[in-house]
Structure formats: structure tokens, C-alpha cells
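Next up: just one chain, as C-alpha cells, the form predicted alone.
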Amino acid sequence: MIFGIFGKKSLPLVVLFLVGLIFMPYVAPRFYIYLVSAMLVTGLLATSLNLVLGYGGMYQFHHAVFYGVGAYTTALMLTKTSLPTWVAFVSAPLVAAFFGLVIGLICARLSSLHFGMLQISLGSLLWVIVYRWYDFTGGDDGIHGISMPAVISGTTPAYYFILAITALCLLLMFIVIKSPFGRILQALRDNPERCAAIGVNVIRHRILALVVAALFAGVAGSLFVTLEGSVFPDLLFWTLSLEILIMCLLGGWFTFFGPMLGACLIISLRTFAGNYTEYLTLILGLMMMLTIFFLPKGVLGFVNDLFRTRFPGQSLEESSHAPDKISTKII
């Protein structure tokens, strides 16, 4: 399976990187363990967005709402019920997938910009409910002090739990995009009219893609609770969705691991550059503009093209899926 994700020449680097992740808690300070955990959670969220954005060609402008739903589901079940912890973790992606189904049924018949704008409206409605419902969600105060079982409590145990779940989810998403369903999804991105002409149910496949993406976003939300021990309404706000979108574009939305790379870059920038400037949002906006104009395939896509030029017939990432022509049509 791993040979289907990475090019053979890049495998030694990948193995070295994985070994580094496994043994990092033994050599790195606690802050960096936490930072990498946050990168993994956010990278999983960005990769789930890329299922419908890069692979499906759908303008998913408010993906963070499923992230927030997953996080709040876990938090509410752990604080307001006596159910086992594993029930909360399992329920989070299922509830997020349900909301993905509802929003998909409403939005999937629309196209391009209209799809994205209606999704922002529906997601903002959920944000308002969470923000105002003080008796149930805690309102703008959120929910804090969420306790975890001892086996995943603490920075290092939480890190290994997040690493394992993230790796499993990435593997499952890779299986999805390499399945016949994933191939159809890419075909819908490139030419939905031709797919409809040969009998593909476009609406059904788009709704299913939204449900799958929402499910993995719900997993990421549950992992956020494991890491932070708290939730707050900003997890459902549209600005977080924009930040995730930038991660996909920056890292490479036509590669499988591009969103993960973009998440690492943005979180590093926010963590370290945020100490020196108040204009981080401006920097993110400029980065997005420069990426769109000069790196339309993202950083990993650009590096992948250089790798193919240097080693003809080889690829840094075998799962790269850029179309022959990148469309800029949004309406």
C-alpha cells in the first residue's frame, strides 16, 4: 500500500520521517510534541477538505463546521453524559457525517460559487446556535476542563493517540481516493457533464463525498478535544474554514499530502511569526495570492514536478492527481 502513495526514490526519506515521529517524544521538549500534535490534527482536517476540494472539485467554503460539530459532540457527551469515552469518540464522526448529509442534500444540486456560499450560510447558522445556546453548549465561553482517560491523558499519550488515529484516517482516505468511487470523483471534477452523459449520478456521488469528508473532519474535531481538553465556538466559524482552504492551496491541492504540508507551514507561521507581528492575517492573504499566481499546484505539487524533471518516470508522490488544465471558473 505504501508503494501506491510514495515514489520509490522518496521511500527512504518517508521511513526516516516516520521513525522520527515515533521517537520524537523521547528527545523533543514538551512544547514541540504539542505543536506536532496540533499539526497532525489540523493536517487531518485539511486532508478531509481536500477530498471534496482537490479530488472532487467542489467549493467547500465552510468545512470547519464539521470539525466543530465533531469537537462539540465529543465534549458534550463527555461532560453531560456518563457514557464511556469511546462512545463519544465514535459518535463525533457519525454526527458530523449526518450534518454533512443534511448540508449535502441542500447544497449538492447547486454548482461552484453558489454551492460554497450556501454552505457558508448554513454553517454560520450552526455557529450562531452554538454561540448563543449557553445552557447546552456554554455559549461564547465554550466548554473547558474536559477530562480524558489516563491512557490518553497528558501530552505524550495524547500525541501517540493522535498520531495513530491520524495515520489510520490518512490510510482510509487514500483507499477511498484509489477506489472506483475516488476515480469517479476525480472524473466529476474534470468533466461533470460527460460523467452525467454516461450515466453517473453526479448529485449522489457529490453528496457521498461530502459525507465522507465530514466524517473525517469529525474525527479531527474529536482529536482536538483530546489535545486541548476544551472546545469553543470559533471551531465552527468561517474564518477557520478559510485558513484550512489556504492550507490546501499552499501545500498542494492536487496531491494527497499537500494539505498536511500546508497545515504544518501555516501552524508554524502562526506559532512563531505571531510573536513578532500583529499582521498575521495580512501575511496569510499575501501567501494565498502568491501561491495562486506562482504555485497553482502548491508547494508539494511544485516539488513533485521538479522531482519528475530530475528523475523521468519517477514521482515524489504517486498519488498526485493534477488535471491537465487547472480551471479558474467559479460560477
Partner chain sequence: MELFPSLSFSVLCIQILVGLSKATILFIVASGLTLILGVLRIPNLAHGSLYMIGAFTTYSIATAFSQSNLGFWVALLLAPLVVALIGLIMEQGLFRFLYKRDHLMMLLFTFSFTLVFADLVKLVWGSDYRSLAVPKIFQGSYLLLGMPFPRYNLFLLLLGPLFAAGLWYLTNRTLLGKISRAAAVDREMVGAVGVNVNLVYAAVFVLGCYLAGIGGALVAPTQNISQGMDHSIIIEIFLIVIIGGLGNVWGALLGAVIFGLTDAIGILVAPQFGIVFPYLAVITVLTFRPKGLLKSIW
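Residue numbers count along the first chain shown, from 1. If you're wondering where the values come from, they're calculated on a predicted model, not measured in any experiment.
One more form of this protein exists, namely the form predicted in complex with the partner chain; it is left out here, but the text below deals with it.
> Pick from 51-59, 66-74, 35-43, 22-30: which stretch has a heavy atom within 4.5 Å of the partner chain in the model of the complex?
Looking at the other structure, the answer is 51-59.
> For a quick test of understanding: in the model of the complex, does each of Met117, Ile129 and Tyr279 have a heavy atom within 4.5 Å of the partner chain?
So, yes: the whole triplet contacts the partner chain.
> Taking any heavy atom pair closer than or equal to 4.5 Å as contact, tell me whether Ser121 reaches the partner chain in the model of the complex.
Result yes; Ser121 sits at the interface with the partner chain in the model of the complex.
> With a cut-off of 4.5 Å between heavy atoms, is Leu284 one of the residues that contacts the partner chain in the model of the complex?
It does: once the partner chain is placed as it appears in the model of the complex, Leu284 has a heavy atom within 4.5 Å of it.
> Can Glu243 be called a contact residue for the partner chain in the model of the complex at 4.5 Å between heavy atoms?
Output for Glu243 is yes: heavy atoms within 4.5 Å of the partner chain.
> Check Leu83 for me: does it contact the partner chain in the model of the complex (non-hydrogen atoms, 4.5 angstroms)?
No, Leu83 stays farther than 4.5 Å from the partner chain in the model of the complex.
> Counting any non-hydrogen atom inside 4.5 Å, which residue from Ser230, Thr155, Thr79, Ser111 sits next to the partner chain in the model of the complex?
Spelling it out, the residue with a heavy atom inside the cut-off is Ser111.
> Find the only residue in Phe89, Tyr159, Phe257, Phe237 having a heavy atom within 4.5 Å of the partner chain in the model of the complex.
Looking at the other structure, the residue within range turns out to be Phe237.
> For a quick check, can you give me the residues of 287-306 that have a heavy atom within 4.5 Å of the partner chain in the model of the complex?
Those in contact are Met288, Met289, Ile292, Phe293, Pro296.
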